[in-house]
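Next up is one chain by itself, shown in structure tokens, the form predicted alone.
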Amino acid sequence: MKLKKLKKKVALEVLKFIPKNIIIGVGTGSTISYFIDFLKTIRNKIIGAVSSSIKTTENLKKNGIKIFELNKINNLPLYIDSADEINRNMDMIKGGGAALTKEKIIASAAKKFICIIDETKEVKILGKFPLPVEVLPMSYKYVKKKLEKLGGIVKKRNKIITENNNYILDISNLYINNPFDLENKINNIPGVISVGIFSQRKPDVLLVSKINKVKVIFRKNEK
């Protein structure tokens, strides 16, 4: 089955997990774009959405879904996003689209986080996908030197300014055997806004699109 079909398959399946009359958080990426296309079919059953990026906002508005600011709502029951990589413990790498900071904020604010992926995103060890780090422009050379000590190859992403007016540093060839500790270590470097490891806030539910089915995995203690 082609990758596009796998993405569409899981994007459609997750609609079953959305309760009525709630505001949902919506992530960013190609799989999420398909999800938004399907979300319009139930747009009258939800109140609206909190968006993680300008691109997602435009897509939601195009499909007739009302946008809410996170600061103006009292609670967020559900966040739906995808991943660039995810391991068996549901530690993730996100940020290929440079929206990692807003994605992490909304995921952390949500009561439940559902991640939807195709099977190619499953890995044993994180790090094959370059790990993005959002940094303040004035600090990127300093942060780059600090990140290089962790291993891997650190490069500034060319011609990319985030929606928060910051730079992205990508770390490639990194073997991440302890995502939780690495997330903390990078976050503690002065000048770092956010790192694309999602280990402190893992998804509660993972939907994986495979050739014959969509596999549903619940994180431990999650029903």
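Quick note: we count residues from 1 along the sequence shown, nothing fancier. What you see is a predicted model, and the numbers here were worked out from it, not measured in a lab.
Missing here is the form predicted in complex with a small molecule; even so, the following discussion is about that form.
A heavy atom within 4.5 Å of the small molecule in the predicted complex is found for one listed residue only; from Asn166, Asn59, Ser194, Thr28, this is Thr28. Heavy atoms within 4.5 Å of the small molecule in the predicted complex map, among the stretches 104 to 112, 68 to 76, 134 to 142, 82 to 90, onto 82 to 90 alone. The closest non-hydrogen atom of Gly152 lies beyond 4.5 Å of the small molecule in the predicted complex. Residue contact with the small molecule in the predicted complex: Ala98 places a heavy atom within 4.5 Å of it.
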